[in-house]
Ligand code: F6P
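Before any questions on binding or motion, here is one chain by itself as structure tokens, the form predicted on its own.
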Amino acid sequence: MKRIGILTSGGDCPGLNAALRGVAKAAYEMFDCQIVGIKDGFKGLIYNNTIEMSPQDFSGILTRGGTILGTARTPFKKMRIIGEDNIDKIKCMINTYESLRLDCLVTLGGNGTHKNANLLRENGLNIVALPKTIDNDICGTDVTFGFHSAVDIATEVIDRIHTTADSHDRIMLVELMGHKAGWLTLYAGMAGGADVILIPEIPFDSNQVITALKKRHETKNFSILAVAEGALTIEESILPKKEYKKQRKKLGSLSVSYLLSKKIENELGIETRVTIPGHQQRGGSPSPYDRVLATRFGTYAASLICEDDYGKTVSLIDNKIVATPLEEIAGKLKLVHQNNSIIQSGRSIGISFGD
């Protein structure tokens, strides 16, 4: 009998439960196994907070948002640091793994999770990872589960903003999640018909944004801007993070959208508002696409376990599910390139990216 530990780590997102279900149901079908759920991500592995699970635990969770195992952020940069509690996190995780007599550990998470998973791999543990994040910024896979659900939600927000912006002759900024990668804002902005899309990978000139809005308002009475929370001005992009945040505080807000909205309203004299959907983007039931993708990822992970093929993360490349060595992708971000075909399409229809 194989004993499989499984955890979800980092931010929650739609599709986690679908992936857990995919791993479990396929594993139960393929071989004799016992699945051990680890609560609250790597924190549960450190403190041995676990539960023996049964097939019934994975029933009825395909459409459920969040994660039945709970999750927490355990930063990779703190993993090797022994704090005031005098806990050696790596040693504790290895001890928990061994005390549970696990044959492998399945980790579901984003970039931080993959770095932690690779760290455990380097320390001799058998690891299989699954890529989840609404940011879609994990290298080695064309898409992560959770991303399409978030795009659907963000697009609906933009869709609903159109009518109120039109009714009140306003300029509306919709600030979406994405500190380092702009995939969510790019897709939702395109799908929602935004007039300006601002993402972290393309530092913007606020004067260029205002010029684009001024041109649009020669023929239209309202405008929509899709703004990633990590978007930076050209001036901010050359500064250390602490420095530009310090400057933003002096201007009255850490939010790029609120600062930009003030400038737009002052320059154009048009009523301007900001909407921040926040954690709604990662909540609720997964989209049908993500249910299918998460299930495909989960079942493939079970096949890797069946074959004792460890040290891999499951990836989607050209619509084929494959295994990618963890060490090849851990710690690497997949960012939007300026020559991305979606950006080129956006420019072709007159969308401004602020550059």
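Since this is a predicted model, take the numbers as computed values, not measurements. Numbering starts at 1 and follows the sequence shown.
Separately, the form predicted together with the ligand exists; it is not shown, and the next lines address it.
Q: Checking a candidate spot here: are Arg73, His179 and Arg282 all in contact with the ligand in the predicted complex (at least one heavy atom each within 4.5 Å)?
A: Yes: each residue has a heavy atom within 4.5 Å of the partner.
Q: Taking 4.5 Å between heavy atoms as the contact cutoff, choose which of Val209, Leu105, Ile134, Met93 touches the ligand in the predicted complex.
A: The residue from Val209, Leu105, Ile134, Met93 that makes the contact is Ile134.
Q: Looking at Asp152, Glu201, Glu229, Asp195, which is the one with a non-hydrogen atom within 4.5 Å of the ligand in the predicted complex?
A: It is Glu229.
Q: Which single stretch, out of 274-282, 245-253, 201-209, 220-228, brings residue heavy atoms within 4.5 Å of the ligand in the predicted complex?
A: It is 274-282 that comes within 4.5 Å of the partner.
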